[in-house]
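A lone chain, given as structure tokens: the form predicted alone.
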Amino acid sequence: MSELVEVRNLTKVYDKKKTALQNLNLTITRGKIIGLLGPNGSGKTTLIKILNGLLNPTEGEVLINGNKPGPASKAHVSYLPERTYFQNSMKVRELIEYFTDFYEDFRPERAREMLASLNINENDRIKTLSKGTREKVQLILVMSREADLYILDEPIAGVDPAARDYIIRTIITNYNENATVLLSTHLISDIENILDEVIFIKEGHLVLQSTVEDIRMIQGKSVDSYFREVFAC
């Protein structure tokens, strides 16, 4: 089946005064690069954490490959969080060994090939790497899995343009055609040309789910321009 992710009547309430997601419904199909877009506080990170099994919904459900978020779904999801989570004392080589042991679908030879192309030494410790290089290492490890769904939270934030270009190239060349990349970012203009679809959310509600082609043809605008119009930012 083409449906990879189904979100049904999803609601997340942190307390009585803060509802992060409210009755959210959407379907994500295979073989796409999809932008998850919205202003700060829109619920993007909450949705990402629920998809990764890091938060439980208050109401509704999420299915990934027909499974609720948990051990079965995590075997199919490769997640890049917004912040680097590696221990500074670890060596790059140790991270490769860790991912090899932990994920059956991890391809260490692919990771080593990408690291070598950047002249990143496997014996370097994380604490000795620049911020941009740490971001690249983390992305390389995430994209070296043969996952069905890659969830990337702000993968190009805070890095220089050259690192940004490398990250974008890595995304588009290292996932299989039956997988989907869900990419959350504020830097829409930088990634617009690689997107197939976009999801706009605001205050926990779905505002729009559309192909990029339809936005350009029907609205006569770029995704970045249309986003600014819809959210008046």
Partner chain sequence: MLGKLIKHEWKAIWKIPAILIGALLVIAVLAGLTFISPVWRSGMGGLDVLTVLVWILFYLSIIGVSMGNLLYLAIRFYQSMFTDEGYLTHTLPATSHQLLISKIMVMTVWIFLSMVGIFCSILIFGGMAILFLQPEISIWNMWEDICREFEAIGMLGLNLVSFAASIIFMLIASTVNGTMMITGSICMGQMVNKHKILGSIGAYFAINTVVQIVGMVVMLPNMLKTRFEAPIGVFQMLASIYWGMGVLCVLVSVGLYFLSEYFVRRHLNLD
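Residue numbers count along the first chain shown, from 1. Since we're looking at a predicted model, the values are computed, not measured.
There is also a form predicted together with the partner chain; it is not shown, and the following applies to it.
Shown alone here, G158 lies farther than 4.5 Å from the partner chain in the predicted bound form, counting heavy atoms only.
With a 4.5 Å cutoff on heavy atoms, T27 does not count as touching the partner chain in the predicted bound form; it lies far away. Mapping the unseen interface onto this chain, P108 falls outside it, with no heavy atom inside 4.5 Å of the partner chain in the predicted bound form. Mapping the unseen interface onto this chain, G132 falls outside it, with no heavy atom inside 4.5 Å of the partner chain in the predicted bound form.
The partner is absent here; in the predicted bound form, the one residue of Q87, S117, N121, T128 having a heavy atom within 4.5 Å of the partner chain is Q87. Annotation for 50-67: interface residues with the partner chain in the predicted bound form are N52, L54, L55, N56 [heavy atom within 4.5 Å].
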